[in-house]
Ligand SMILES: C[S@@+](CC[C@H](N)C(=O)[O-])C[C@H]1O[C@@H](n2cnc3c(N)ncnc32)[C@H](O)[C@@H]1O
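The form predicted alone is given below as one chain in structure tokens.
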């Protein structure tokens, strides 16, 4: 699969040029799932580079196959845990935008430690984002929304800003499903402080 980036070494850092053959910055879809959002946004912005990170091999294979079938040369898929990819594999300040959309909220209190966003994740997000880079977050789970806003928004590394182009932002399958059920969708945009 040409769109799959299979790192020759999982213990080194990679630049955007290493992954795509050119470029200095990219956008990353954390936990890209079936790739609905990733492929839609890649179609919408062919001038940008997109990496979909997914730990499940079957899902990633489908995303890469669909990207190839659609001729999307600006998409790469990486099989890895999101945090490991950001912390250990991707070069610092190489991401223009992180998309963190409808993740598992791990609603039971005893499972909160499994949530991706934790206080020790914030420096990882900061490291990988370029100056003024963005973390875009969406969920249907109000408590997890509050959790992320408190942790990321409360850090001096980030500031919360208005997300003005929501109507042009492709919906995920989860978003369409929750909206059809009448659920409220919560959105937040965090910008990396220089």
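No experiment lies behind these values; they were computed from the predicted model shown. Residue numbers count along the first chain shown, from 1.
Missing here is the form predicted in complex with the named molecule; even so, the following discussion is about that form.
### Message
Although the partner isn't part of this model, could you tell me whether residue 86 comes within 4.5 Å of the named molecule in the predicted complex, counting any heavy atom of the residue?
### Response
Close contact is absent here: in the predicted complex, residue 86 is far from the named molecule, nothing within 4.5 Å, heavy atoms only.
### Query
If you check in the predicted complex, is residue 93 within 4.5 Å of the named molecule, heavy atoms only?
Residue 93: no, not in contact with the named molecule in the predicted complex.
### Message
Please determine whether residue 25 contacts the named molecule in the predicted complex, using a 4.5 Å cut-off between heavy atoms.
### Response
Residue 25: no contact with the named molecule in the predicted complex.
### Query
Can residue 73 be called a contact residue for the named molecule in the predicted complex at 4.5 Å between heavy atoms?
No - in the predicted complex, heavy atoms of residue 73 and the named molecule never come within 4.5 Å of each other.
### Message
Taking the named molecule in the predicted complex, would 31, 56 and 172 all count as contacting it (heavy atom within 4.5 Å)?
### Response
Yes: each residue has a heavy atom within 4.5 Å of the partner.
### Query
Which residue, 98, 117, 101, 124, has a heavy atom that falls within 4.5 Å of the named molecule in the predicted complex?
Among 98, 117, 101, 124, a heavy atom within 4.5 Å of the named molecule in the predicted complex occurs only for 101.
### Query
Judged by heavy atom distances of 4.5 Å or less, which residues of 119-147 approach the named molecule in the predicted complex?
Residues within 4.5 Å: none in this stretch.
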